[in-house]
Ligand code: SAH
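One chain comes next, on its own, written as structure tokens: the form predicted alone.
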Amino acid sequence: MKANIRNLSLDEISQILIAQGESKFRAKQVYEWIWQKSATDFSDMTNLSKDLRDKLSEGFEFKEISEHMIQKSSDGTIKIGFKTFDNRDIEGVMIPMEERMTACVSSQVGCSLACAFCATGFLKRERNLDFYEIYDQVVSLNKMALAEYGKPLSNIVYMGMGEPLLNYENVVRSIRMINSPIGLQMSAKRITVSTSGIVRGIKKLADEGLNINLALSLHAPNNEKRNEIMDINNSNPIEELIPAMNYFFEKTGNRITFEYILFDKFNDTMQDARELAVLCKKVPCFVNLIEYNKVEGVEYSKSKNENRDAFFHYLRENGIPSVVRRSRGKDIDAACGQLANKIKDL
């Protein structure tokens, strides 16, 4: 059985090639082809001898994701449905805006958390994505951004399918490769990891030395309501998340973003706004108020505009930095909470 070459470090490739009588610098050339140039076939590595390419092909393989669905929204958002090497479905989204081009990537096939409002939560978690499968999404979405809009990606958000901190090692390894001079060379400041709230994962991420951003899918200002829509809160309650988020801020200097979907008559009252404002004063944060995107089979509905506006103004009047985030890609099921592999083969 051939080994997956993308699981090997530069040092490991060097050792293998040196043992075969090759010069050490050949390993760096191979590594650059794999990561900087995103090659997935040894025959493309044209600065290597044919003999070396043949030897690599005999001993190693690439396990890559492939595009099999592309949908473009009326607002310019593009969703790509990917197939993994073992024929599983994941989705990534490219969101164009005047000031930035953002890739939203998945970290798991499905999700195990079953949040009550999220389409992905209705899917079972089949497996974690390997770090290179996350990396490949970024490469594909960057090519799409360049082809469609003539601009490269400026931002990456781990907000697609799955809980990133339950696939911790692969997520961190993908970030390091995206950030690496021998990878995509994207600034860590442009990368945001979104979590439903895994206390141990937040603390661990704070210690990685990565200058990335953290977003918490909060969606309720107290444990009672959060328990109702997010089962993870039963084991990771708000009072335990607060010190973990403060620790992340202390280690990185980066404010936490609270993602807060407004649901009609559930979490959009002035009492909810008051409770959220109190919570926000305990953590250096910024609030994204998000319009709910309808998901089939979910009982929750979008907050009324007047309630949304009153909620927003209350936060701002009380010194809480906040913004209302407009949904993008709703017509292709690409908006927040809608990723559920509603895809068709090309």
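All residue numbers are counted from 1 along the displayed sequence. Since this is a predicted model, take the numbers as computed values, not measurements.
Beyond what is shown, the protein has a form predicted in complex with the ligand; the following relates to that form.
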Contact of Ser217 with the ligand in the predicted complex (heavy atom, 4.5 Å): yes
Proximity of Gln29 to the ligand in the predicted complex, heavy atoms at 4.5 Å: no
Please run the contact check for Gly160 against the ligand in the predicted complex: heavy atoms, 4.5 angstroms, yes or no? yes
May I ask you to state whether Glu64 is within 4.5 Å of the ligand in the predicted complex, using heavy atom distances? no
Look at the stretches 201-209, 130-138, 175-183, 254-262 and give the one with heavy atoms within 4.5 Å of the ligand in the predicted complex. 254-262
In the predicted complex, do Thr84, Val109 and Tyr168 all reach within 4.5 Å of the ligand through at least one heavy atom apiece? no
Consider the chain as shown here, without its partner, and state which of Asn233, Thr77, Thr195, Asn267 has a heavy atom within 4.5 Å of the ligand in the predicted complex. Thr195
Can you work out which of Leu315, Ile290, Leu52, Leu279 has a heavy atom no more than 4.5 Å from the ligand in the predicted complex? Ile290
Heavy atom contacts to the ligand in the predicted complex at 4.5 Å, residues of 96-119 in sequence order: Phe117, Cys118
